[in-house]
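Below you will find one chain, with nothing else, as structure tokens; this is the form predicted alone, and questions on how it binds or moves follow later.
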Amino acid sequence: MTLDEIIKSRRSCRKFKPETPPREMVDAIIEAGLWAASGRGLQSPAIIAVTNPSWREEISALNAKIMGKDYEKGHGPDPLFNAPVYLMVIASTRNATAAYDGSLALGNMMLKAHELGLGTCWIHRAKQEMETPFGAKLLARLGLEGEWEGVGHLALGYPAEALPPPEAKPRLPNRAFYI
């Protein structure tokens, strides 16, 4: 696919197969995120691949709680759609562009995953997660110091439903201007 085709055909995936994609594919997606543009080239985002089931369950439960919902594996919908991999993007707050830099990383990773035939869905509430004791526990586990903010999660895996994805909505008019 050309880059235009990748951009125009990517859709969010909300139903994943249980199989975990190979590490090489996940690494290629992470690399795409690490190459995203960043303010002043400071490369503030860090990407955490969450594949450990207990960490995934803890993140899903916390994410649901922030939404005001209860989640326990097997009971109720998983806010991260039971994806076998979560790519959590956090960014150093020492950079004023941290949230923007992390957003660019997430965008790059969604496009790379689509190119590789994997599905993704951007999940919010990572910011709130990092503001809880969980955030401190995660940073300690990774040996990261300083102030970090959560930008988003990317639920990642093989789509459970056959491709191609549904047709895109027509683009709204009057959104591009020249002066």
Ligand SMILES: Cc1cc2nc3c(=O)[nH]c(=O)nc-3n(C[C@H](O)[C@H](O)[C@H](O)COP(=O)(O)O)c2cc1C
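Note that residue numbering begins at 1 and tracks the sequence as displayed. Worth saying up front: this structure is predicted, and the values here are computed from it rather than measured.
One more form of this protein exists, namely the form predicted together with this ligand; it is left out here, but the text below deals with it.
Undergrad: Heavy atoms within 4.5 Å of this ligand in the predicted bound form: which of the stretches 49-57, 135-143, 116-124, 27-35 has them?
TA: This holds for exactly one stretch, 116-124.
Undergrad: Contact with this ligand in the predicted bound form for S12, defined as at least one heavy atom pair within 4.5 Å: yes or no?
TA: Yes - in the predicted bound form, heavy atoms of S12 and this ligand come within 4.5 Å of each other.
Undergrad: Quick one: does F81 come within 4.5 Å of this ligand in the predicted bound form, counting heavy atoms only?
TA: So F81 counts as contacting this ligand.
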